[in-house]
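Starting off, we have a lone chain in the form predicted on its own, written out as structure tokens.
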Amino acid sequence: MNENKKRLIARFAVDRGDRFEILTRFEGETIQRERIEHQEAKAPSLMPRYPAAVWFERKIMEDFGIRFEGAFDTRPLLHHERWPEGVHPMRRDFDPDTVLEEAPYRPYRYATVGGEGVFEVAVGPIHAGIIEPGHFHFSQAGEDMLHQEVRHFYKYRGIEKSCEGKSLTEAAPIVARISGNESVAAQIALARIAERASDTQTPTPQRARQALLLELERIIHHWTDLGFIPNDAGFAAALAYASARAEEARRLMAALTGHRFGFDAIFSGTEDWDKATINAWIERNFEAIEWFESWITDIPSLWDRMDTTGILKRAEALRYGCVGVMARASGLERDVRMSDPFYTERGFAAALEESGDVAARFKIRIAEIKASLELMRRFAEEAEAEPYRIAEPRDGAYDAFVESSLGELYLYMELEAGKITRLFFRDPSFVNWQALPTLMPGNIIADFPLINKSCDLSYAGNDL
């Protein structure tokens, strides 16, 4: 793939009452807008050129009833087998009563591979482990994975619709709870929008507070992954050690914000911070990650499982517009913090690996914990405990990017008379999930949990 090709960030729609409008965001460009008439609700598809457009356009089809000419996949994405046909919940005229009764069952057509000796394996949506609902459909030849299809969206919580008509302050608790993996990151995205909509600038002490909590959230989830990845390779001792470190980090988050997951952390919080406690925790974690790296590096059997397993090739990462650890482990320097002077002026540089396998994603997380700890040390010197206060916003359309623990998070809002008329949230996993099946061929199905965990993709962040 041409590396100079524009990266598709988001594609979504808005019901203007007298028409629809499709909005498309490419990297480095302003939002492109396409007017779509209600009577002729169709538009050219981007699917043939951009694989990541598949889920965006399937979502638009269901949310608004807009058809895409040239689309090669028109199956349902969000609405499952008993969703009423022709009911589009993001239209202005949507009537909630239309979904109170189950519609006739319509089976979903999975993409599969045929051939002699090929069979199918269904995993989920209910899992033996403590994870959210998600379905993985495999075509197998013995133990070898030939093809995988990912199917999620089993809850469909109506978050975008529920935010309509609310003020930024009223929507903040909803945005904070979209996904526990990236609550702080989502709140910061909302704060960035509030900042632009009120033409204000967050003072450095508050900005440092936000950044410190964001890096703490990143460390929590990286420690969690550093435990579960070896555990899925049969090395449970790593899970015990890393889980203890993640628990200590969650207790620090609770002490600083009043909640273990940092819910409402940006817009509320404790009255004062004990910086000595923060700094002591940082120093303990520096020692912990150094010890952990030394310990885990000297276990050859573990690296035999992680090396060359679940490779995301650089070309595939480019094709799908991957972000976060998945992209950086395949040699792509995609990190919102690299374009933020608040980070780069404090010495931040993105960690990169080239091999794109489980081992590379594991190493990236170790490097990022170290980088986040160093950033926290610097932010702690500047931060104050006072939370962000939302000012009166101006009408208009605004968007924001934040580098969450999972990658680049994108939030878009339209405001009218101080109320939200459209909210669109694109979790980093929305694009990364689509690339996940490219990691499977050449591996056995027993390695799927290891590969999947090494990518650490969100279920809730997608299931809006």
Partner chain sequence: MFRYWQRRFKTGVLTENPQLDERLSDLRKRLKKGIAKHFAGSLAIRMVDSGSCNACEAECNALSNPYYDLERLGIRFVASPRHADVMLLSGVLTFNMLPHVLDAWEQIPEPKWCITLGDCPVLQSPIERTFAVKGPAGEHLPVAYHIPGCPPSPEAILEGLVGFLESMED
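Note that this is a predicted model, so its numbers are computed, not measured. Residue numbers count along the first chain shown, from 1.
FYI, the form predicted together with its partner chain isn't displayed, but the following is about it.
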item	value
Sole residue of 269, 76, 133, 331 within 4.5 Å of its partner chain in the model of the complex, by heavy atom	133
Contact residue in the model of the complex, chosen from 347, 203, 84, 165 - any heavy atom within 4.5 Å of its partner chain	84
Which of 368-376, 385-393, 210-218, 119-127 lines the interface with its partner chain in the model of the complex (heavy atom within 4.5 Å)	119-127
Contact test in the model of the complex: residue 287 vs its partner chain, heavy atoms, 4.5 Å	yes
Close approach of residue 92 to its partner chain in the model of the complex, 4.5 Å, heavy atom	no
4.5 Å heavy atom contact, residue 115 to its partner chain in the model of the complex	no
Touches its partner chain in the model of the complex: residue 98 (any heavy atom, 4.5 Å)	yes
Residues in 155-181 with any heavy atom within 4.5 Å of its partner chain in the model of the complex	155, 156, 157, 158, 159, 161, 162, 166, 173, 174, 177, 178, 179, 180, 181
Closer or farther in the model of the complex: C-alpha pair residue 105, residue 96 (3 angstroms or more)	farther
Closer or farther in the model of the complex, the Cα atoms of residue 395 and residue 95, when the shift from this form is 3 Å or more	closer
